[in-house]
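Shown next as structure tokens: one chain only, the form predicted on its own.
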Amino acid sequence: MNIEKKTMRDVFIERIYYRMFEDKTLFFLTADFGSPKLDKLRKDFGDRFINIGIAEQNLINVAIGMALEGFTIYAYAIAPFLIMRAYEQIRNNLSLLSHIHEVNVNLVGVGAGLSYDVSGPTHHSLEDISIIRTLPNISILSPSDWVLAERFADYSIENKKPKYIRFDGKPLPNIYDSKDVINLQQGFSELIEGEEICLVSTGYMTHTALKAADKLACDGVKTGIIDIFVIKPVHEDLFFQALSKYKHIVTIEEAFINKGGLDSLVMGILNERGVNIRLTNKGFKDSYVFDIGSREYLHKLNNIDEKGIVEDVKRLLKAYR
């Protein structure tokens, strides 16, 4: 497999660009937020590109109005501003309204987790999964690489419901091969089948989980890895089948833990079935990240770096061996 670094947003936008030639219902809206690939789309499809300006609340209002006329809309902005500044509009004008109308509005947020690491807590997005999970009718797509991001472009057109698509802001290497058959409807992939312990991750943290698993493998520890890329809706039965092979699940997320995010999703599935599978959640505690430094430095401070994961897995294994 060829490994190549690309940004999720540019791959996704490029695919939407080519679909716009054949589908005249596609419109791209932005809150004064750009990208290299967006420049080309704006130039060639100026009649279906609208810069709403730095006004995320209005971005949602315009998007839902156009979707009610039958158009497929992409509302594009920096993730924390898109989701948190415009939360009331997303709730009232998208989640509520989609109960009674079919609308295809795709909220495209760039900057998931600590993508904008040195920009500080105002630009970090540690709450987005938790708060969107509370809203009915909105799917959450959380790709771990640009291959998935590209696949989600076609998926977003074919699935006519509201979606929040959360992209990392930095170029990342591909985990999946562009020729792979990926079951997007299933919503997750078991990248490595392990023994006692499985790491469950989403987005950027899947890269960290894979690196930790490689280090553990060098020490003779075979750790499973599940990459969940559709956080809502979840195919719970299939997901549970994958989890049920393990004695202990470790969730790893670039988000607050115990707040309704990935750990809460997994914990709910396990608890509902009354199984004796332990869960350890790794992420950020109940505090914003005010330290200044790279993503890797901030992860190290919060024990969600490769070393922290490896040490925790080895500690947990002592209970089973």
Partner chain sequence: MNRTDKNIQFLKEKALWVRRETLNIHRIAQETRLASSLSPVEILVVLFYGGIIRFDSKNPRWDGRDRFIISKGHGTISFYPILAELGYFDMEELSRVCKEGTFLGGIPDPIIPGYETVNGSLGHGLGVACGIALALKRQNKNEKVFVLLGDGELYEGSVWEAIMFAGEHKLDNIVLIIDNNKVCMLDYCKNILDMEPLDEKFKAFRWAVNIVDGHDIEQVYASLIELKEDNGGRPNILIANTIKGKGVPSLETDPLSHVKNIMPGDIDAIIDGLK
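Note that the structure is predicted; figures quoted are calculated from it, not measured. Residue numbers count along the first chain shown, from 1.
The discussion below concerns the form predicted together with the partner chain, not included here.
Trainee: From the list 93, 189, 72, 130, which entry has a heavy atom within 4.5 Å of the partner chain in the predicted complex?
Mentor: Here the answer is residue option 93.
Trainee: May I ask you to choose, among 119, 89, 159, 244, the residue with a heavy atom within 4.5 Å of the partner chain in the predicted complex?
Mentor: Looking at the other structure, the residue within range turns out to be 89.
Trainee: Is it true that 258, 269 and 277, all three, sit within 4.5 Å of the partner chain in the predicted complex, judged by heavy atoms?
Mentor: No: no residue has a heavy atom within 4.5 Å of the partner.
Trainee: Can you say which of 214-222, 160-168, 176-184, 93-101 gets within 4.5 Å of the partner chain in the predicted complex, counting heavy atoms only?
Mentor: This holds for exactly one stretch, 93-101.
Trainee: Could you tell me if residue 65 has a non-hydrogen atom within 4.5 Å of the partner chain in the predicted complex?
Mentor: Flag for residue 65 set to yes.
Trainee: Does at least one non-hydrogen atom of residue 37 fall within 4.5 angstroms of the partner chain in the predicted complex?
Mentor: No, residue 37 is distant from the partner.
Trainee: Do residue 286 and the partner chain share at least one heavy atom pair within 4.5 Å in the predicted complex?
Mentor: No, residue 286 sits far enough from the partner chain in the predicted complex that none of its heavy atoms falls within 4.5 Å.
Trainee: Would you classify residue 265 as touching the partner chain in the predicted complex, given a 4.5 Å non-hydrogen atom cut-off?
Mentor: Although the partner chain is absent here, residue 265 would stay clear of it in the predicted complex, with no heavy atoms inside 4.5 Å.
Trainee: Go through 19-49 residue by residue and record those having a heavy atom within 4.5 Å of the partner chain in the predicted complex; state none if no residue qualifies.
Mentor: Heavy-atom contacts within 4.5 Å come from 27, 47, 48.
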